[in-house]
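Single chain ahead, by itself, as structure tokens, in the form predicted alone.
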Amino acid sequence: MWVPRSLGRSLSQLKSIGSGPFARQISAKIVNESSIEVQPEADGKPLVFPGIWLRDNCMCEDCFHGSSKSRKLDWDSFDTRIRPVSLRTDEQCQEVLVKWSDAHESRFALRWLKERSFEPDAQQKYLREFYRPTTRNWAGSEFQEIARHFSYEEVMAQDSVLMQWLQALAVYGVALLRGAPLDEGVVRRLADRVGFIRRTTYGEEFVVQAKPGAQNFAYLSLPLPLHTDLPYYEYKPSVNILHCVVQTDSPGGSNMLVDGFHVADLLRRDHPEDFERLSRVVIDWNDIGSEDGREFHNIWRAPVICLDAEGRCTRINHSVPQRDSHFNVPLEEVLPWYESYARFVRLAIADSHAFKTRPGDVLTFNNIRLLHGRTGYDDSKASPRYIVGAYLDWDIIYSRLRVLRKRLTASCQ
């Protein structure tokens, strides 16, 4: 069949920008003797990659262990002055091939390079969408707006709903599951659905109910002040799971929640000296007692407000009952710190939101961000309250989120 010359040119152009056998045109060049510039498409923005980073990330069998996804590169003899000496591109495989000054050769897939672009927008997109979701701080008056509700059965059965729950928990720090069975195994099954339970001094699962001779302030029917759990741990449990099995009919027993990051924002904005003091002065937190015949004495020292290198709030430590009587600060710091702390507590109480869970509800929240408490209630045989709790860690949650995102994205392609 005769093909017009102009149609032949169009077909050639189509082949140059397609995928698979219709490979896109790519080009690469060495810049500044040490970096590589890749042009992914004819009209696309060039991407620049440092040579030393590329050599460090060579994925050939000599440099990379595929099944463990780990480097085998010998850094005892790694040359930080490594340079690319020649390049070529494989348009069929969509790869850039590099020969190095140490005579080694590497291949880099274009897709792999684009996913690791050094462009600021691409880096922020990766951090926001894949590394960790961006948190959204909220005031107590916004609780009904931000609080997401999910079906327990759907979370247990559907990966898409599981991902939505964990995403909401990561962004807002709180989410509620409805319709769970009224048995003590719910928190373990839910934790196993994500990863595994975090064990503490108080075991893997724990029961929150009024107990005679209680070893923990939470095991009383008295009002429970706003706090974060286990501030006396260096590596604190990240997420609290509280399953309501039996709820008291008395007027009390309501949960209280407040976004500690929002309270810290208010303090930074309106009372910067108090914010600075609470983020600088180190406090001794402690817990002394016994559980199941095992004695413990836990101590950790940290400020109330913990910040990262960029000044962003990363965790809150707060528990009036479990501050140690040791206060290792200069004498002149004592009164100012108490005044700052009192302002923080008052702001938290004023901004808190109270609500009462029902049997079958599972309240989940970020224990290193949200402060939680409980109103007092009348405890009696006629009106008991029975909550089963457990902890998860953010490392496990974030890992599960990434796996789910990859899996669900692949299934849609």
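Throughout, we count residues from 1 along the sequence that is shown. The shown structure was predicted, so the numbers you read here are calculated from the model rather than taken from an experiment.
One more form of this protein, predicted in complex with a small molecule, exists but is not displayed; see below.
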Tell me the stretch among 346 to 354, 31 to 39, 56 to 64, 368 to 376 that has any heavy atom within 4.5 angstroms of the small molecule in the model of the complex. 368 to 376
Quick one: does R315 come within 4.5 Å of the small molecule in the model of the complex, counting heavy atoms only? no
Does any heavy atom of L242 come within 4.5 Å of a heavy atom of the small molecule in the model of the complex? yes
For D287, is any heavy atom within 4.5 Å of the small molecule in the model of the complex, or not? no
Is E95 one of the residues lying within 4.5 Å of the small molecule in the model of the complex, judged by heavy atom distances? no
Out of L162, A180, V281, L224, which one falls within 4.5 Å of the small molecule in the model of the complex, going by heavy atoms? L224
Name the residue from N255, S238, S340, T248 that puts a heavy atom within 4.5 Å of the small molecule in the model of the complex. N255
In the model of the complex, do R132, I197 and D393 all reach within 4.5 Å of the small molecule through at least one heavy atom apiece? no
